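One chain is shown next in structure tokens, namely the form predicted alone.
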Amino acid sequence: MTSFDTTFTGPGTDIPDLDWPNLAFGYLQTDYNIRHTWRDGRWSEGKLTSEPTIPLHISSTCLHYGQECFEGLKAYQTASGDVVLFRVDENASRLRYSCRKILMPEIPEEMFIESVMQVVDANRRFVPPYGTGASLYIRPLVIGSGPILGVRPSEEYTFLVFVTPVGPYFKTGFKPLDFIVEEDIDRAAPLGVGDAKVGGNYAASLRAGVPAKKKGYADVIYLDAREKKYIDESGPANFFAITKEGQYITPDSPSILLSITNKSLITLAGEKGLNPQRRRVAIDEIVDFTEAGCCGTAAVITPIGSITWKDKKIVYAKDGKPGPHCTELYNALTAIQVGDAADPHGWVRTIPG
């Protein structure tokens, strides 16, 4: 993968000279981010800024008590040159849910969508060209920024949105990868915050994910914390599989983040006759799957080539290629996202400009 200098020289007007098809999934400085502040029971108007750092009090609740949550979505350029968002209303809804879980003020949907659209428009020159396989990743973030020394909610919060152009989350792109089942480390507990997009969940996953990657696996697949019998999710994304009967199944668990990508795939799978079902998925069922994958905004769909569990290695991609159902779903989803296919569900929103 190509790496780039992230030194910021100020807002510009020219299209960046980037190797768009070979972008890594990482941070590159863009022109603007947008910020709102919560004080005295209300959110301020958004302010566009080119400053890439945040002034924080040393006693901010985000630093000490984990009052922080975020979202991830993407903007795409279509063949006609439009810039579009995919299911931005769902991201607004999920961020409100995450805020409620850790007692932070919710971000009104209209404010969320307006902020996302404004910052994307302000950074339009960084939206990767159509056909490059890259996208503009959008990161909304809410943090407790007020000075509190005691375990209680902050009295001040910051909501900000920044963007960066990215390539595939896994550098191999849409190719099967190897995963390993994690049995000794839990990502999240039932009735905790595993179903919210809070930073602590991702910090907790490092202890399992980093060793797995050193062993040559793409990431881990977690089991439920209570019984260690059921699949929860993969490290960075939701898990799904195709059964021998040709059914799309995905875990139903109180400990996993409800992926907007997975929600979309369930709809598409139903349209393609895959009879999708969200249910408890026992780990010993993996020997009977014909295909498996993980899905999310960053990963889109990553086909799973094999799953290693105890002393078994169950191989799905024997020829090293994604299965037919993963391929069909990937093509259907990405075609809608970039405007190459009809959008009967109203998932795509065009940014004026």
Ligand SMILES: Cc1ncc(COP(=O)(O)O)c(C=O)c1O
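Not measured: the values here are computed from a predicted model. Residue numbers here begin at 1 and follow the sequence given.
Just so it is clear, the following notes concern the form predicted in complex with the named molecule, a form of the same protein that is not shown.
This chain is drawn without the named molecule; in the model of the complex, the residue among 323, 296, 305, 46 with a heavy atom within 4.5 Å of it is 296. Exactly one listed residue, out of 238, 154, 115, 253, brings a non-hydrogen atom to within 4.5 Å of the named molecule in the model of the complex: 238.
Proximity of residue 233 to the named molecule in the model of the complex falls within the 4.5 Å heavy atom cutoff. Of the heavy atoms in residue 274, none are within 4.5 Å of the named molecule in the model of the complex. For the chain shown alone, residue 257 is a contact residue for the named molecule in the model of the complex, at least one non-hydrogen atom being within 4.5 angstroms. Contact check for residue 278: no non-hydrogen atom falls within 4.5 Å of the named molecule in the model of the complex. With the partner left out here, the named molecule still marks one of 259-267, 104-112, 125-133, 206-214 in the model of the complex; by a 4.5 Å heavy atom cut-off that stretch is 259-267. Interface residues of 152-188, taken as those with a heavy atom within 4.5 Å of the named molecule in the model of the complex (partner not displayed), are limited to 187.
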